[in-house]
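A single chain, nothing else alongside it, follows as structure tokens in the form predicted on its own.
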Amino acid sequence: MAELTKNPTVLQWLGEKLDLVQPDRVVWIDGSQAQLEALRQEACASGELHKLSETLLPGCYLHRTATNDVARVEHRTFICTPTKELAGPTNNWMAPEEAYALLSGIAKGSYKGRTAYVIPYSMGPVGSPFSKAGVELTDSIYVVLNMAIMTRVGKAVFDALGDSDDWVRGLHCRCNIEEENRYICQFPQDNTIISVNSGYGGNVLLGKKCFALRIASYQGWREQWMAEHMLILGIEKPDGDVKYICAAFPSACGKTNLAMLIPPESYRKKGYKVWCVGDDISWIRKGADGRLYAINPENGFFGVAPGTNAKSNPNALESTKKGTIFTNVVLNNADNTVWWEGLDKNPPADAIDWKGNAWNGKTSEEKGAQPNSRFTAPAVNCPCISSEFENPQGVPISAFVFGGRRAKLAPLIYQARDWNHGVFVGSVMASETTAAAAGAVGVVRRDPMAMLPFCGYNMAEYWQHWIDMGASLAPEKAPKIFNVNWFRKDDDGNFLWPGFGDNLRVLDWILDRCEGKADASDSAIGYLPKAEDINLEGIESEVSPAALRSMLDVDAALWQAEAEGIAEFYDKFEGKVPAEMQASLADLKAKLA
């Protein structure tokens, strides 16, 4: 097949990599439906994909990874910068020359007997001033078909790139899927990603976390924009006005559910609507009017299947009904559809589990779907996808929301006093481990801005970049910053807040604060809502005013212990934590005392 570009930097890099991996043939991905359909059929013929019921799940497929290759591997993920200090204390570091030598040795000849696929892709709408191009070289049809859902792929990307050298190089080699030789390496200075010995999406769809966060966060630092692990949602008031919020949460804190939130009945009756712009990643730039604007650089959802159901997230479930690739879920033989734990209470009896073994969900003690099993679904399938999803200029952001899972410490909602205090609030984000996570329960894990595994350079420099971005904004143009905690518990261990759609009640207060319509009371940690300003209409039987007041309580003793934990965390950065954040910590300690 003919080359799709004359870009000299693309052709030179591809030439070098093809010489290294030595494929039997090369296929350029042009983005056409005819080509993608031919690849689907080829993958079904080889057993790499299984075609599901065209009647019940049109255009949907099932894939199984190797059993030793089912999740992102943070301990095998490296930031390869000239100095260790540039990677910072929260990243695994390897010197670039050492990493290139190691990876070249593993990749050498690994495509023999295989086909090389050249995928040109755009993160963000093709041609948008926010967007960036990438090229992924892979020996996996699974990667091609997933990238065609998660990003914009094809010749149009090369047309928009022209002769520019501003594109991200990505090499993926399946090799033999050996755990001990699995590496996911990012080279921020070289705009390069190399992934070897994995076939799992999070490690091999190189546009996702590798480019859209690790490489892009570094690019944003250098180019004065931001790449954040944030959903983007629009809240439409009854008068038709839509305001947009970016929100960051560690895993297991309901991020995708919030991105596709369905308003409570009392809000729906009034005419409130919620629109999903993105469920995972935001690229944020300053607009001509001095406000911050965000796009979702992705084109699909790479969601966790277990727990997704008609109650927890009906919009996500609906998104998977066509054109979706399911990975490591149960195959229901009876109707050639899929199932996973938490989908419903009716597991299939005649089924095949994620490992490819016969499985009877009525009698088996073993789980049928891998706990990190996934769906890759086109964003356009989502019933609440925003009309601004493809807007090349992005959407204006009114608020940033941070959150974690804290049983007693953090109130339901509080507001930072100003931008710099908000950066402090984001930097001290943490969650307590649940039974689902390996290790002890209730251990506090810090995950600043939910970026701990995804920041492509020293996190202290990343915080300074946040401070600098704020300094470039007029105070009246800067988004206000908040912290939420849906997971507050009573003394018996019961959740106090109903969560899910009712979280809109808290977002409503946030927007009222952004518009100067709601009052707040000052506390040691920031501004708290007055209990009567959180709308409890329709949930009075679940949440009493007294329970709400307890959710807004700030326990000084608990926060004093938290302040010590924050200081200990900051000490890891060897004096590099911005002075503004140290001042916020000192202020917190003084107010608590």
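Numbers follow the displayed sequence, beginning with 1. The term rigid core refers to the most C-alpha atoms you can superpose between the two forms while keeping them within 1.5 Å. On a predicted model such as this, the values are computed, not experimentally measured, just so you know.
The protein also exists as the form predicted in complex with a small molecule; that form is not presented, and the subsequent description refers to it.
In the model of the complex, segment of 166-174, 245-253, 351-359, 331-339 with a heavy atom within 4.5 Å of the small molecule = The contacting stretch here is 245-253.
Out of Y293, Y218, F389, F487, which one falls within 4.5 Å of the small molecule in the model of the complex, going by heavy atoms?
-> Contact with the small molecule in the model of the complex is made by F487 alone.
Of these, N381, N503, T90, N483, which has a heavy atom no more than 4.5 Å from the small molecule in the model of the complex?
-> Result of the distance check: N503.
Whether D279, F302 and F495 all lie within 4.5 angstroms of the small molecule in the model of the complex by heavy atom | Every listed residue reaches the small molecule in the model of the complex, so yes.
The small molecule contact at G287 in the model of the complex, heavy atom, 4.5 Å | Close contact is absent here: in the model of the complex, G287 is far from the small molecule, nothing within 4.5 Å, heavy atoms only.
Counting only non-hydrogen atoms and a 4.5 angstroms cut-off, does P306 reach the small molecule in the model of the complex?
-> Residue-level check for P306: yes, a contact with the small molecule.
H229: heavy atom within 4.5 Å of the small molecule in the model of the complex?
-> So H229 counts as contacting the small molecule.
How about R405: is it within 4.5 Å of the small molecule in the model of the complex, going by heavy atoms?
-> The answer is yes: R405 has a heavy atom within 4.5 Å of the small molecule.
Rigid core fitted, is the C-alpha displacement of M469 between the shown form and the other one 2 Å or more?
-> After core superposition, the displacement of the M469 C-alpha between the shown form and the other one stays below 2 Å, so no.
If we fit on the core, is the Cα of R169 displaced 2 Å or more between the shown form and the other one?
-> No, its C-alpha moves less than 2 Å.
Using a superposition on the rigid core, decide whether the Cα position of L343 changes by 2 angstroms or more between the shown form and the other one.
-> Comparing the forms between the shown form and the other one, which are aligned on their rigid core, L343 does not shift its C-alpha by 2 Å or more.
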